[in-house]
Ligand SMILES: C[S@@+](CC[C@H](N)C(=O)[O-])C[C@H]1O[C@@H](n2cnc3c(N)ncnc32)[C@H](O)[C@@H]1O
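Below sits a lone chain in C-alpha cells, taken as the form predicted alone.
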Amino acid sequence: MDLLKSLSEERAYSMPELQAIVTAWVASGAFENGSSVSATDGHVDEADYTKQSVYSLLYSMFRSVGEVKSELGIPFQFTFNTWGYAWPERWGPGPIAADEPQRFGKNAYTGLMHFDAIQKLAAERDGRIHLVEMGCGTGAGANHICTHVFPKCTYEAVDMQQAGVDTCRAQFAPRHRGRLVATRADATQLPMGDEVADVVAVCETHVTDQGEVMTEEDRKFFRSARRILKPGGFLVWGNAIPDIAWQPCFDFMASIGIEVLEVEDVTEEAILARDQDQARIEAYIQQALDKFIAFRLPHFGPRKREEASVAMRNLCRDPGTRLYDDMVTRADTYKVVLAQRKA
C-alpha cells in the first residue's frame, strides 16, 4: 500500500477505511527497502507521490479525526490546510484573535481580499459580489470570507477532492443558506459559464510549483480563471512557490489578458507563522496519529508513525523540514497577488 500514490480524489474515506489503509501501509514496511519520505526533513520527490492521493488522504483524515485541542487547550477541527502567514504590520491591525488555532489560515484568506481594488468593488456593490475559488480544500476559507469578510457575497468553492467538498457541504455551506456552494471539479475544467465571477480566489493551490517551466496544467488553470472572470474582474492569488516560478506565471497571465496589478511579498511573515504555529502542529499530529491502532504494532508501527509524522510536518512547512528551509533561503517565496482581466 503506497499512501502517496494509491488513493483517489473521487473518494472520501471513512475512519474504518482509513484504519484499514494505514494498517496495510504499516504492514508493507516488512517488504520495503527504504522510504520515499526523508527521515531528516520530510522531503518527498515529485516522482514519489501524486497530489490526488496525498490530498485525498489528508482531507479524509481531517474529517475523520474530528475535533482536537490546540497547544493552548482550545478545541478545533483542522480545516485550514493552509500555511498562511502572520498579519503584516504594514496592512494595519490584525483581523484574527491571537489565540485562534487556525488564525494563520484565516489571515491568508483575509489577505487575499485586503487590496483596495477588491474593497472598492465590494463597497460599490454593497458587498454583493460573486467569488469563485479554484482549489478550495475543505471550504474553510470560503466559509471565513462568507462570514467575516463579505457577508453578502455569493461564493462557489471548487476542488477536485471529494473529501474536501464533502466537508464543505456538510460543515460550512448550510450556514449560508445558498450563498456558499461546493462543487467537485478539476479547476482546469470548471463546470460553469463564461464571465460569471467578479473575483477568482486562489489560495495555496497545488499548481505553478514546478520551477521556471510552466506545465500545461498551469496554463489550463490560468485560462480557466480568465474564462470565468468578468471583463475587469479580479484574480487574487496567494501561495509559497519556487521564487523562479513567479515571473513565468506573470508572463503567461499577461499573454492571455490578465494584468498583474500588485504583488505583496509576505515570506518573512509566513516564516514567522510557521515558527509560532509549531506547537499547535505538533499537538495535532500526535493527537491524529494516536487514533490509528496500526501505529501501536511492534517494530513497524513506531517506525511508520515517525515516517508519517515527519511527512505531515513537511506538508505544514514546520521548522526543520525541507519546505520550511526553502522559505528561509528564499528558494520559495510567499506572495499575495492582485491581477485583473482586461476589460
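A quick note: this is a predicted structure, and the numbers were derived from the prediction, not measured. In case it trips you up, residue 1 is the first one in the sequence shown, and so on.
The same protein also has a form predicted together with this ligand, omitted here; what follows describes it.
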4.5 Å heavy atom contact, Q161 and this ligand in the predicted bound form
yes
How about I258 - does it come within 4.5 Å of this ligand in the predicted bound form, if we only consider non-hydrogen atoms?
no
Tell me, yes or no, whether I241 is in contact with this ligand in the predicted bound form, where a contact means a heavy atom of each within 4.5 Å.
no
Going by a heavy atom distance of 4.5 Å, is T79 a contact of this ligand in the predicted bound form?
yes
Kindly indicate whether Y85, E100 and Q278 are, all three, within 4.5 angstroms of this ligand in the predicted bound form, using heavy atoms.
no
Counting only non-hydrogen atoms, which stretch in 295-303, 50-58, 63-71, 282-290 is within 4.5 Å of this ligand in the predicted bound form?
50-58
Which one, H206, K152, R223, K120, lies within 4.5 Å of this ligand in the predicted bound form by heavy atoms?
H206
Since exactly one of L180, I145, A187, V199 fits, which has a heavy atom within 4.5 Å of this ligand in the predicted bound form?
A187
Would you mind checking 118-137 for residues with a heavy atom within 4.5 Å of this ligand in the predicted bound form?
E133, G135, C136, G137
